[in-house]
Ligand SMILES: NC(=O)c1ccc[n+]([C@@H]2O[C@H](COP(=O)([O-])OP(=O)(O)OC[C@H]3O[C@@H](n4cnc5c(N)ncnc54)[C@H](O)[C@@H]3O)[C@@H](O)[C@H]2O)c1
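Given next, in structure tokens, is a single chain: the form predicted alone.
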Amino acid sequence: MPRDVRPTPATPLPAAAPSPAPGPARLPVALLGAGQIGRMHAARMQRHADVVLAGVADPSPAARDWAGALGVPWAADAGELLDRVRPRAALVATPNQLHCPVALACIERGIVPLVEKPIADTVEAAARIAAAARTAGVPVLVGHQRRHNAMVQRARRLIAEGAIGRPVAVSLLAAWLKPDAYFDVAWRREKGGGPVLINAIHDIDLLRHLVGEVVSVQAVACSARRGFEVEDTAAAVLRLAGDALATLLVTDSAVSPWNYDLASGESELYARQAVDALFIAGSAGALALPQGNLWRYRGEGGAARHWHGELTQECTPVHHRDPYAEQLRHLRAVAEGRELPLCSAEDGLATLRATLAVLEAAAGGRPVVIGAAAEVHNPAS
């Protein structure tokens, strides 16, 4: 039987006390890749108290002009920019197939990279990044920003403290309707460009972060709504270490509010919905996110602990923090050696492996066993 890793040991729980305050100077961070996601990060760097945009690397003329307008150095090649400005950290927002060579270029120079998800386009490439980071002693962060949400961090503490007992069953919903214009970009109509790898990877990472490692996957996928090569809908059953079961339903072709991005308020791009998208049922209680409601039976007696008993509902609002801004604060703290990565290269590798297993199981029509291969190397253990 796989070992129980509830809660997953991939990353340490957030410390009760804040990290020591950094010095007054803002940490120089290079932006490697100036697409939509890269520019979103740059906008936050421009107004962040802890980091400053040190330069932009992207081969497009538009990126060159944009960097000029911002008044920061530009280079077509990532390595050239890194050698010129020598930043302490870098944010890798290139196309997925370039994540590995660009992250390796950072590691070779002792520069701490924050790699946008997925950590790489293949498991093999992700493993190369993780191995290089261990060998060089350079920490790597992966951009699963949901881990920095204050409500997610509260949920992780509640689960670790036993508030819901042993997790038994989990349900994740990631359903929304993408506009037709979204698919004008060719790669979004091709395999690898669908909602499993683009969207559900975040849900799978959250599942790992809160509940435990994925050890096997069964899945089906469908492309009937739009008729593209890529899936538009997929459903999966995931077995976790400790024998909890999870279901995942993802679609980008249906009208629905049940999606973490719509419900969390993390991005100003979406009108916030007062719903939940992640449901965790345990032996002593249940928890729903991102609203953060906690259900438990009233009283301690065994007679009250069944379906006729009184369930209490508790909601504890937390202070909202922009997870992308918190991720940049964390990047500085990691680069300065004050914190360990909340989502490490090994974490990114394990999340990518589990996500690709959903696509593999759907394509092959049979379960995919991950097992011990997905265990995460935790430098803090």
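Just so it is clear, the structure is predicted and the values come from calculations on it, not from any experiment. Numbers follow the displayed sequence, beginning with 1. C-alpha atoms forming the largest set that superposes within 1.5 Å between two forms make up the rigid core.
One more form of this protein exists, namely the form predicted in complex with this ligand; it is left out here, but the text below deals with it.
Picking from 89-97, 150-158, 223-231, 132-140 the stretch near this ligand in the predicted bound form, with a 4.5 Å limit on heavy atoms, gives 89-97. Out of the listed residues Arg188, Arg296, Arg84, Arg272, Arg188 is the one that sits within 4.5 Å of this ligand in the predicted bound form by at least one heavy atom. The contact with this ligand in the predicted bound form, taken as any heavy atom within 4.5 Å, belongs to Leu32 out of Leu349, Val29, Cys343, Leu32. Not displayed here, this ligand is kept clear of Leu331 by more than 4.5 Å at the level of heavy atoms in the predicted bound form. Looking at Gln145, you'd find a heavy atom of it within 4.5 angstroms of this ligand in the predicted bound form. Contact annotation: Trp66 falls outside 4.5 Å of this ligand in the predicted bound form, judged by heavy atom distances.
Of the heavy atoms in Lys117, some are within 4.5 Å of this ligand in the predicted bound form. Counting a residue when any of its non-hydrogen atoms is within 4.5 Å of this ligand in the predicted bound form, the one hit in 320-336 is Tyr324. After superposing the rigid core, the C-alpha of Ala274 moves by less than 2 Å between this form and the one not shown.
If you fit the rigid core between this form and the one not shown, you'll see the Cα of Phe183 move by 2 angstroms or more.
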